[in-house]
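One chain is shown next in structure tokens, namely the form predicted alone.
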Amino acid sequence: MTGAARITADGWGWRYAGRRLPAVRDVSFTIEPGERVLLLGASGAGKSTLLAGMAGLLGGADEGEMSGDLRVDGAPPQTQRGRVGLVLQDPDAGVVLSRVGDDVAFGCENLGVPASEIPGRVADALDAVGLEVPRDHPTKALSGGQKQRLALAGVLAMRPGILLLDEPTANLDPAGVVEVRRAVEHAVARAGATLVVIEHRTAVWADLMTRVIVVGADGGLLADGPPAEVFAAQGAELARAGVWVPGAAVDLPALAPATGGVALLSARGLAISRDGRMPVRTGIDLTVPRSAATVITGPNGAGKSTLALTLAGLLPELRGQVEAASELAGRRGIRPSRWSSRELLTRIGTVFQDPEHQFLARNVREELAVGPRAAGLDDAATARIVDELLDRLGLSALALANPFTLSGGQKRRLSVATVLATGPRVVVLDEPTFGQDRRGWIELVRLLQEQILEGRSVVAVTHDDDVAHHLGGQRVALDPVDDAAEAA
């Protein structure tokens, strides 16, 4: 370790190529060596762009236009990449090699660390994050929380002066969140590196941090100071701006629990699989009632995503059957897995865990119009649906933006909107609220509540207890599965 690094920004901003407005602008601050900073702001305020700038990953003039100045230890960040370690929100994105020890050593090898030093660094890094598995342990056998600790270990082995974490717990179950939070605290205490964390789960991180910096959606900073002081003095203002303020209640009613009713989907003796050969879970019996939510919970690796995709007709049953009510039957009967994509369109809509997996069009407006047009709606009806969804989910200003250039939270809202645009009778969503600021979360949950009250069924995979509480309905809690193939 060569010592903690300083980060300075002076009127800094970045506009991506092809975008009219900057993603972030006029940001000024100095983060002193060893400070621990929680970087907050509304979805789309430019937090991830700012973090990418600190990591030296924004590229040249062909990728965008920079304003102002951003420095790491007085030098441009792209010249300091060995000093900066970045961990992203997707646990799988950080896994490079098939064995734990090799994966942790990968960054050191790229930096040209002498071979004799690497085993010691790997051991120290694994110890710092508390990942107690053999070095030849397969990375594919790790849970989500373990994969995120592995990514953190790989960064720590390079001994950076700055540790940057971009929503490191967004896709983790509660146990994984605790694992990663504890690992970061221990690792930073040992290494002494400067720490910057983007996270909507502010309550998880606030007591570890010495400082909160809040980026404004229209540029500049909304707040900067010790967490307790900032939240006490500006909590109400920040909550209105979309920041999750610890302890601030959500003004949204909760729907009632489900009490039976007509089942739109049912499964009996169901075995589910990703590859059509190895079962992830077996012996599943459940019904999806009309006009209610079915919330699927459980730890990473329990098979939640595989179950949701099977209920949605996108994965075939390994054994047993998923059947739809006769009112939903298509030309090929009552088995959703046998329906065509056109038959699924207005019957069962699916929001994938990764929003980018369902984007097809060149801009947001056209993306929202794909479904209604495929369903045969005319231009006027399509335009009405698109305009309403753009307004409801705060995407109107981005109507002409390429979907792939949106922030993570904006991509999630768009992915939900593309499915709701066709009005399916059953809506299946995998982590519908991840990466959402306070305002986006409230509007998404309210929109799903409206779907339920209008008579539709909502199936939601989530780690968010507040989502389960506000959607009401029924909860399907999956227990851990040993050696599961699923990374839910």
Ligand SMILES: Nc1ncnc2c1ncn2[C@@H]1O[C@H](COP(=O)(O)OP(=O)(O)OP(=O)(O)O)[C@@H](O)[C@H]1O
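The numbering used is simple: start at 1 and walk along the sequence shown. These numbers come from a predicted model, not from an experiment.
FYI, the form predicted together with the ligand isn't displayed, but the following is about it.
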- Item | residue 467, heavy atom within 4.5 angstroms of the ligand in the model of the complex | no
**Prompt:** Counting only non-hydrogen atoms and a 4.5 angstroms cut-off, does residue 167 reach the ligand in the model of the complex?
**Reply:** yes
Is the gap between residue 85 and the ligand in the model of the complex 4.5 Å or less for some heavy atom pair?
no
How about residue 43 - does it come within 4.5 Å of the ligand in the model of the complex, if we only consider non-hydrogen atoms?
yes
Given 402 to 410, 344 to 352, 272 to 280, 204 to 212, the stretch touching the ligand in the model of the complex at heavy atoms within 4.5 Å is 402 to 410
Partner-free chain; cross-checking the ligand in the model of the complex, the single residue of 414, 398, 122, 292 with a heavy atom within 4.5 Å is 398
Among 478, 471, 23, 9, just one has a heavy atom within 4.5 Å of the ligand in the model of the complex, namely 23
Restricting to 7 to 32, the residues within 4.5 Å of the ligand in the model of the complex through any heavy atom are 16, 19, 23
